[in-house]
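For this one, two forms of the same chain are given in structure tokens, first as structure 1 and then as structure 2.
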Structure 1
Amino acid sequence: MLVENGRQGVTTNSVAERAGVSIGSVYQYFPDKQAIFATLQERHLNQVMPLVQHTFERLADPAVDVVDALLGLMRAMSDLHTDLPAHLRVISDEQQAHASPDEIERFTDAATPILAARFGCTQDRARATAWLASMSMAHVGRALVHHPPAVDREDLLAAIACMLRGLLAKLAAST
């Protein structure tokens, strides 16, 4: 339903009908409409957030290559595409489209000190790079889950690696 009309075109009654239950039953489980979407969203986040969490842990570990860590995340996101039911793809897509500015800010905040430490520069200096990396990885990752491009996956991952290496080269140089 979301795929067809977007969030606006979805009514609680249509949700119930499509789900094969009565509208009353839907309200037995969800306090209001927004909660229905929130739950779908949460279900998806429970799949994605552990991956992101794990990636940040690897980033914080000096023994792990930054690009390797991020590439691992992209690979995992790409895997998610096949697993994810279609309706979950859309709901999270919708939600993310709105949530993203804040989300990216959070990622940037988390990544900045890590990069600063790794490359021995001020957080101020690292922030532009952190934002750009967050921005790129968030949207590329999201696209890999929701609308993967019609290109060879390994080719794409290699390109991402090059892009990230170019980005990080700047920090390395500025040391």
Structure 2
Amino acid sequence: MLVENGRQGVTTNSVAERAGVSIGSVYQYFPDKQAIFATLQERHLNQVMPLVQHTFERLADPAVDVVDALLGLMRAMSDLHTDLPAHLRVISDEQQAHASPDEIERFTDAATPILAARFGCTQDRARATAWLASMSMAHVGRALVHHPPAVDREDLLAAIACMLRGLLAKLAAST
């Protein structure tokens, strides 16, 4: 219904009608339409966060190439959003069109010690690289969902790999 009618076109009455239940049944689980949207967002995050967690686990493994781990996340996110692109775009729009500063900060905080350990440098030195990688991955990932480019995905991932390898080479050279 969000895809068809937009946020303003969704009402608890229309949700009840579409679901084939009484309005009272909807209100038994959701006090208002905002709660329905919040549940959809939570469900989406429950799909995305295991992918992110798996990536951080891979990044911590010295046997795994850092860029390969990050590209794996981009590929997995792209696959997830390809399955139901219009639905996930709407849900993502509900969350935010851009990565929030808090989101970037959380990813930066998680990536900094991993990069410092992987490249043998201080966390202060790794933080700028972690921030730039987090910002780039978040924004490119959202762009892939909201405005998929008219380029081959593998060509795009190869370009992202070059960008990340250049960024990480700078970090490795600083040690």
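For clarity, a rigid core is taken as the largest C-alpha set superposing within 1.5 Å between two forms. Bear in mind that the values here come from a model prediction, so they are computed numbers and not experimental data. All residue numbers here refer to structure 1's sequence, counted from 1.
- Of the two copies shown, the first one, structure 1, is the form predicted together with the DNA.
- After superposing the rigid core, the C-alpha of Gly166 moves by less than 2 Å between structure 1 and structure 2.
- In the core-superposed comparison between structure 1 and structure 2, Arg18 has its Cα shifted by at least 2 Å.
- In this overlay on the rigid core, Arg106 has a C-alpha that sits less than 2 Å away from its partner position between structure 1 and structure 2.
- Look at Lys33: with the core superposed, its C-alpha moves 4.2 Å between structure 1 and structure 2.
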